[in-house]
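Structure 1 and structure 2 below are the same protein chain in two forms, each given by itself as structure tokens.
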Structure 1
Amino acid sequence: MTDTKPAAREATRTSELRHRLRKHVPAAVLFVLGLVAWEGLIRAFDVESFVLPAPSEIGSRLVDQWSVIMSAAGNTMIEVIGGLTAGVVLGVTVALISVRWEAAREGILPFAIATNAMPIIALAPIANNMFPVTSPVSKMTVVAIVVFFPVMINTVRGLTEVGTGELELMRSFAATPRELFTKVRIPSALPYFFSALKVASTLSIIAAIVAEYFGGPQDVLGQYIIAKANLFVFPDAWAAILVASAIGIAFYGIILGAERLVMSWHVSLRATEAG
């Protein structure tokens, strides 16, 4: 309440550590318990592996199939990274354009919102046939479209939702539109951009795998999973699913890290201090 105490940034390291432990321990405990229970139930009831394989079986299949799955995962990653990059660049570009020209925004934003209501998955077979079937471009296109909308809509939102106080302040400085843009609009859009990126990162892998389902080269995660599932070799399929999911989580983690690096000032990242 008084004027002298800044927020407790100098909170001791140990209490921060304790806070983090308290936050993450329950999930870790659940992970171990869940794994043990899963393994135990499968063994106790002798569940067939095409219904649900035991974690140990999935693990051993993962080791066994490691090189095949990794090669497939590598090809899928190429599609994901290509599509994600294209989608983000395109999304940000269109956002910048539509913020610069209000007329463009009037037209584009409602359309983007409506388009987002469409099951974009339906575009996968079209993209697959527009580009040579062996090229990863068709999958990248689907990923890019899926990524484009959240990135664009969120960036527009971040760029336009600047408080009247900030606008009036910059006006009182007689700042140029360009200065308003670089000094206020872009920094305030960063949190929005990053949350879009987090969603986009997990969406992109799912989109790539769905696109793979509609045909193309065999050496990709989607085709691997389908082939194994069609042969009822479900433990192998599960191993590949695990890898796909791990890639998604890794992407998410990388973006989380980048966010912390770029936006250390932001409210959402101050949680540990408050504890």
Structure 2
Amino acid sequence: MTDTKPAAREATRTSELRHRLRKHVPAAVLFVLGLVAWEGLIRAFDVESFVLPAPSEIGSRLVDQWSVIMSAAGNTMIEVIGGLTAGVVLGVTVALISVRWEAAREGILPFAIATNAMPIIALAPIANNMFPVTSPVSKMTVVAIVVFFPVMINTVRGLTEVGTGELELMRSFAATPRELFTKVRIPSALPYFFSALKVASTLSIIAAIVAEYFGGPQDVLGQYIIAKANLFVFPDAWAAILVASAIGIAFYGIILGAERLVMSWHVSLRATEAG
């Protein structure tokens, strides 16, 4: 009797590959067409590089300055990862405290909103004066403050917006408060938490680079961009911006992968994969 399982598995893999191609190819084609249009308009209207460099010029400078830009990007990534981690841990901790004690929530929320309202350009100089000039901790502090609010407020929302039916069902089975928290509230909060992480991952890159403008080590992306812009070497500045964007996309992709791994049971992900 012929074993049909290998053929079925191969058909499933082929179907998944076709689904992924249908999903990602349009975005890739649009990206390429955008680059072609950009390059064509620059050449057609003879736009100077200090106004807007062509993609080919940016790519050429990225190759030439690769080691310098990547060294700066590595130092910026240390600031981003440190600040993002601190902000997420602090945000989740405060969210747990807020959910556990309602009085604490009422007291903490105004301070969290005030923290979120602080502009980065005001925080960065203050943080630079609080720590040694060469220390990355000042930039990590700025990143942590920027990341804190979206993580905290989304986690609180996810932990509190639980259906009464689910809670009553668990209580009918004599579930303990701990079981209610771990089996109902935390799974309910995960979609909100990962949504906050996606926002925080991009905000952390922006916060770190803006904070770098206000002093500190020179071998970072923010200082590299501002130094090249001051010298009107805009293709080099754009090359560093391209690397910063790539880091943001990579961070977003990592979080998206973690979400799919942790929340593979969630109906939203199953619907996406089925579509």
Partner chain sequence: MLSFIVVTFVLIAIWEGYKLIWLQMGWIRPVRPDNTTMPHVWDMIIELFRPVRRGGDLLILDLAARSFFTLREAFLGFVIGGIFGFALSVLFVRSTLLERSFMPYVVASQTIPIIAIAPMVVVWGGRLDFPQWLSVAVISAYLTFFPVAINTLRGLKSPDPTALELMRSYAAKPREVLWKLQVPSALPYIFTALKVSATASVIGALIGELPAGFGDGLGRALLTFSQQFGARSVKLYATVIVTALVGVIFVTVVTLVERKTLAAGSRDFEVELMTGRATG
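Definition used throughout: the rigid core is the maximal C-alpha set that superposes within 1.5 Å between two forms. Since we're looking at a predicted model, the values are computed, not measured. Structure 1 provides the reference sequence; residues are numbered from 1 along it.
Quiz item: With each form of the chain shown alone, which structure should be assigned as the form predicted in complex with the partner chain?
Solution: If we ask which form is the one predicted in complex with the partner chain, the answer is structure 1.
Quiz item: Quick one: core overlaid, is A86 moving 2 Å or more at the Cα between structure 1 and structure 2?
Solution: Result for A86: no, shift under 2 Å.
Quiz item: Comparing between structure 1 and structure 2 on the rigid core: C-alpha of L180 shifted by 2 Å or more?
Solution: Comparing the forms between structure 1 and structure 2, which are aligned on their rigid core, L180 does not shift its C-alpha by 2 Å or more.
Self-check item: I121 C-alpha shift between structure 1 and structure 2 of 2 Å or more, rigid core reference
Solution: Result for I121: yes, a 2 Å-plus shift.
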